[in-house]
Each structure stands twice: as structure tokens, then as C-alpha cells.
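Quick heads-up: it's one chain on its own, the form predicted on its own, in C-alpha cells.
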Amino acid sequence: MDMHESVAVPRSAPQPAGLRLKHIERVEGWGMAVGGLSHVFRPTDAEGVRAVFDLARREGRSVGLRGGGNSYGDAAMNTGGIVLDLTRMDRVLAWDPATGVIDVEPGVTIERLWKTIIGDGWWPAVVSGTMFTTMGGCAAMNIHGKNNYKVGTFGDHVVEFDFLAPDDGGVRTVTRENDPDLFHGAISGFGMLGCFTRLRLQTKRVYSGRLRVEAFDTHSVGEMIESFEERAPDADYLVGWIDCIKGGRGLGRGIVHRANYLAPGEDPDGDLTLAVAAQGLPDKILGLFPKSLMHLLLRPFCNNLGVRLINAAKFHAGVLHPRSVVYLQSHTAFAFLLDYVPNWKFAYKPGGLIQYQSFIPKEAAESAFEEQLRIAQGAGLPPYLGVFKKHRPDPFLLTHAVDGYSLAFDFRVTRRNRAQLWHLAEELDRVVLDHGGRFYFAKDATLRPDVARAFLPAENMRKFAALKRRCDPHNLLQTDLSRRLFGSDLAATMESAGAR
């Protein structure tokens, strides 16, 4: 295939024989705290997607799109309806090692992407904390990485995409130039407008399979923000860990990691480190204990006391070193911390976990995050993990980004604390709105309709409602998240909210 030709998809094709509502499976959010039964279909091409849309219209069912299933909450669930799982649409369609431009189907994972390109000296421009998210999911949620403040979101590196909407207008190629509203709405639109069938991405040139990483400790949220602001101009990546258990004078203490690409010729083993084999994550601790069983060792510590001990050990281990420690680390080891210990989330069983992530403008971030930490600790529900990032605005319609910072909290869910935890999330929502903040649908499990409508810009909601009526006039595309936040008629809800 020529790199600069669109993927040709026939306008119409016979419906596969025997397509019926018979594939019933339990579908969960990645955090395991929410789940339900759905009719699941796994097409292998655009015609299979269209066939499922036709079936849904015939049967009067809604359709929810799903990629790797890595959204923490209900964003990729459609309980009682149809779930369109795109993981079998996983071909790399074209790769140009001279320009770093690649065409992929929506089910291609970040893992497949980086393994395809790294040997030629390229790396994905934006990655999530796991390599198992799919390209369609990354675009629909417009994911961000540890370099968001520097290079923007995933959508900023999409050149064009092919798109199949339920309006049955056929597959269309969309760019920033030929349809800017659809380009900026489908990216960030959490699957409510249609299905990506091809994405063209620009990747990042690299000259080594390693990064130079610096770790240093901070003793408050304010100090962490100061460190980010000081180092951001010269850092390719920045991420902070916050001890969410410690209160008092130690509130918000943490560890920051800064990473930079190596310049051409700086790594004498650059070619060797760019090999796929050099990027593999070890499968054993100290070469002895299988990481796949680590969740069994973590489970006894998955409580307030256990996490307090782990966090104290982590922080003080850093303090015992010099003020900062510099070392080389592979791209995969730095980028994919969620994959470093396979199945670590199983330590949260049986109730699972939710993640609560809020985005606050930089002038209000210190106050907002400190207040959130105090509220959670005061409720006896401290987060077991806190991850801190720096962000910049982007042009996408349902964006979560701000010129500021985000703090993501991991909360354990149990049968006893579930109602209290959802109530705590409401209190944290108030703090976010009071400080002019935003939320991220890929992580959400608890937002209420009034909060969702309050943080999204009115003009953006009006534009998105118009796109919904244009691309999905019969409201075929729905998920548990869309109904929870916008009811069964998203377009009408957004139009009403946009008229405020």
C-alpha cells in the first residue's frame, strides 16, 4: 500500500450470515469495580462493523465500542446492549521508516506499535501507563502521557483517520482540514460518533532505546509543582508519585521522575538498545520470583496500614540517596509502570478499584490537591496511589486538559466502603469545580450528570451535539458512561446544557 493513499473500504457488502444476538459475555471496567452482561461482537474489518450497526438497528439495541478494555470505569461497557470489541482489527497497514508515519487499524495496541517502529529508530509520541491500550481507544479518549505538557495529547499526533459512523454514509477519511469539527470531536468523543477503522499517526524519532532518568524527592504539593515548573523546559517527561497516606507536615510529599531522550551519538550502544529484545520487561523479581504472582504478595498490604508502610519505605529509600539520582532506563520500563507487575490489580480483589483523576489550572492546583488529600484522609479513605502530571490545553471538543496539573488517585473498593467512596467522590468533585478543574472520562466511574455538564464548555457541547445528530441520528452509540452522564439522548442533553 502507498503510504499516502487511504485504506479502500467497499461502500457496501453482504451481511455475514448468522449474525444474531447470541454472544453474551460479562464485560468489566479495567478496575473490576463495575461490570455487566452484553452481546459481544468482534469484527475483523469495516464491513463487520457495519454489519453490527445494521443488526443493532434491526433489533433496537444500542452499541458501545471497546478496545483493550483499559478504561477504569464504565466507558467501554454497554450493559444489556451490544459491545463492539475491536481487538481483532489489529493490522499494521503501512509503515514508513523514513518519515515515522504509520497507518494502523483501531485494534493495534501500543505494544504492537512500538515493536513495529523501534528498530527503525522511532517511538510513539504519546503513550499511556500500559502498553495494552488500542489505537482506537487512545484516540477516542484522547489519552495523555507523562509528556503532555510538552507534546500534547494522542490526538495531536493523529494525521488523519478513516471513520465509519452509524449514519451509513460509508467510510470517510477525516483530516483537520477537510472536516475540523469531526476531527476534533471523534478524537475525545469517547466512541459516541462512530468507529475508527484506520488511523495515521506521526511517531517520534529516537536515537537510543534508553532514557536518562533523574529521581528526586519533594516534601509537599507546592514543592512538587515548583520542581515541575523549574524542570519542565528541559525535560521530555515528568511524573510525580505522591504519598496520599501521610498527613500533617508531610502532606503531599513525594518523588518526581524526569526523563530525557538521548541525543544522536550519545549512547554508544544505541543501535543495540533499539532492538525489541532490549525493551522487554523482566518477568521475575531478582530473577527468582515470578512477577505474575506478585499480586498475591501485595494483597496483605492492600489496606491503610499496609500502604502506609509501603509508602514510608518508598519515600525514605529515596531520601537515603543524594538529593537526586540519575540513571539510564529503557523506554518500556519508564513508560509502562502499570505493566511492570502483571495483574497487580488483582491485589484489590474482590471489590476492585476505581481511579479518580482531576485536572486543575496551575494557579489553583496546590490548594485543590491539598484539600482533596485532607478530605480523603479525613473520611478514612486515603488513596493507595497518587500520580501527578503536568498538562497543557488542546483543541479537542471534550477535552480534559488544562494549563495546569492532574492528580490521579487509586481507591480500593469493598462491599462495605462502596457507598461511602462514591460519596467521597462527590465531595472531591466539588473541590474540582470550585477550582475551575476538569475530569477525564477514561478514568471515571463516579461522576454525576450535573458535574459533567458543569465542566464541559458550552460551545463545545453544542458542537458535539450537532455532530452526534449528523453521525448517529438514531442514537445507536451509547455506553454505560454516556447514559450515566448524559442520559439516553446525549445530543439533546448536550444541546440543553450548551444553551446555558
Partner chain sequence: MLRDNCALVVGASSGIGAAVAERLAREGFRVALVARREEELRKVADRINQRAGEDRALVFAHDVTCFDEVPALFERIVEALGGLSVVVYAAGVMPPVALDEYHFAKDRQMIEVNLLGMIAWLNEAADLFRRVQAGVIVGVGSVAGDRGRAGQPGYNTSKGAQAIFLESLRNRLAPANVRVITIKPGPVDTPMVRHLGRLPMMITADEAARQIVRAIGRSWGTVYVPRRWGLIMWVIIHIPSFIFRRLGMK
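Note that this is a predicted model, so its numbers are computed, not measured. Positions refer to the first chain, counted from 1.
Same protein, other form: the form predicted in complex with the partner chain, not shown, and the subject of what follows.
Shown alone, this chain has one stretch from 63 to 71, 463 to 471, 434 to 442, 23 to 31 that lies within 4.5 Å of the partner chain in the predicted complex by heavy atoms: 23 to 31. The contact residue chosen from 145, 81, 240, 166 relative to the partner chain in the predicted complex is 81, the criterion being a non-hydrogen atom within 4.5 angstroms. Only one of 219, 349, 150, 291 comes within 4.5 Å of the partner chain in the predicted complex through a heavy atom, and that residue is 349. In the predicted complex, the partner chain lies farther than 4.5 Å from every heavy atom of residue 50. Residue 37 belongs to the set of residues with a heavy atom inside 4.5 Å of the partner chain in the predicted complex.
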